[in-house]
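Read the single chain below, which is given as C-alpha cells and is the form predicted alone.
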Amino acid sequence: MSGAALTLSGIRLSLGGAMLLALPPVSVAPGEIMTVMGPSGCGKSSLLAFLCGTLAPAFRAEGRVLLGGEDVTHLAPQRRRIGILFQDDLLFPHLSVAENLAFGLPPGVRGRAAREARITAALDDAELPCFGSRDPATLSGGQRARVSLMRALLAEPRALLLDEAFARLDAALRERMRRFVFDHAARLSLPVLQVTHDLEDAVSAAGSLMRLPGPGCAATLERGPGS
C-alpha cells in the first residue's frame, strides 16, 4: 500500500515566457481521486508530464512535488514511483500479455517463480486468467485497458495519474473501467490525479475538482460534483 499523500506546492508552468498554468496548493490523500478539467491547450497533460518527470525542456517549471512528504521534484522519472495511464494502452505489440506485465515488475522481484507468481496474480485480479500467452492484438479494448492498469500497478507506484484514460472506451465499458481503476487505487491507498474532458469521470471519482480556465489563468479548486 502507498499510504502517501501527493502534495503539489507552488506549481507554475510557462512556455516561451508565457504563463501556461498556476496551481493553488493541492494535496491528494491516499485513496483520493482528484480531477483536473479545462479546455484543450490549458496545460493539463503538461502538468502530468511535470509530475512524472518527463516535461519537455522547452517548458519552465516552478514548484515542488512531494509524495508522503518526500520531495521528488528533481528525481529521475523511474525513481519517483508515479504511475500513469494514457487513453492509449501502450502495450508492446511484440510481447505477449504476460511479457507486457513482466515489463512492469520492479527489479527487486527476482527469480522466475516469484515473477510468474506476480504475473499470475495480476491476471487473476484483471479477470483474465490463462490470458498470459495471448497476443495483445487479440484482446478487446476493455481487456487491454485492464492489462495496462495491472502493468502500472505491478511497478508498485506510490501515486497514479490518469491522462484521459477512459476516453477511447465505448460508453458500455467506460463506467466499468472507471470503477475497476478507482477501486484498485482505493484498495492500494494510491492518491490519484486524473485529467479529463468528461464530467462523468469527475462525478464517478467523487473527489475534488480542479478547473484550469485557460492559459495564463489561475486554477480553481472545488469539491467535485460527485462529492
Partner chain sequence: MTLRAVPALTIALLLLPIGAGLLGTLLPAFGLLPAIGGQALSLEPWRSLFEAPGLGTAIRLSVSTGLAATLLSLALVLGFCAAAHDTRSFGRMQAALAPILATPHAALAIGFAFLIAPSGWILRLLSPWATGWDRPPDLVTVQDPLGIALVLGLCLKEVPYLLLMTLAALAQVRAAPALAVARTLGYGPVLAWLKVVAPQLWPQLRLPVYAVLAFSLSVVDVALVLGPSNPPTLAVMVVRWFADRDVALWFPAAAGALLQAGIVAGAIALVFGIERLARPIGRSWIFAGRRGGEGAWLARGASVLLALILAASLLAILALAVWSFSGIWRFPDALPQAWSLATWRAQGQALAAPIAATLGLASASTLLALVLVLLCLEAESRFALPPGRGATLILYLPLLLPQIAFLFGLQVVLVRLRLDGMAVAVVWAHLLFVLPYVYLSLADPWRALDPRMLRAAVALGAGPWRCFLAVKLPLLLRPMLAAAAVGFAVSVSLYLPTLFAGAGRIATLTTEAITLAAGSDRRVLGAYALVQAVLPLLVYGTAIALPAWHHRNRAGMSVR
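Positions refer to the first chain, counted from 1. Model, not experiment: these values are computed from the prediction.
Not on display, but discussed next: the form predicted together with the partner chain.
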Check your understanding: Is L188 close enough to touch the partner chain in the predicted bound form, meaning at least one heavy atom pair within 4.5 Å?
Key -> no
Check your understanding: Using heavy atoms and a 4.5 Å limit, would one call Q78 a contact residue for the partner chain in the predicted bound form?
Key -> yes
Exercise for review: Although the partner chain is absent from this view, report whether R151 comes within 4.5 Å of it in the predicted bound form, heavy atoms only.
Suggested key: yes
Exercise for review: Report whether the minimum heavy atom distance between A137 and the partner chain in the predicted bound form is within 4.5 Å.
Suggested key: no
Point to revise | the partner chain in the predicted bound form: contacting segment from 179-187, 196-204, 39-47, 54-62, heavy atom within 4.5 Å | key: 54-62
Point to revise | Heavy atom contacts to the partner chain in the predicted bound form at 4.5 Å, residues of 58-95 in sequence order | key: A76, P77, Q78, R79, I82, I84, F86, D88, L90, F92, P93, H94, L95
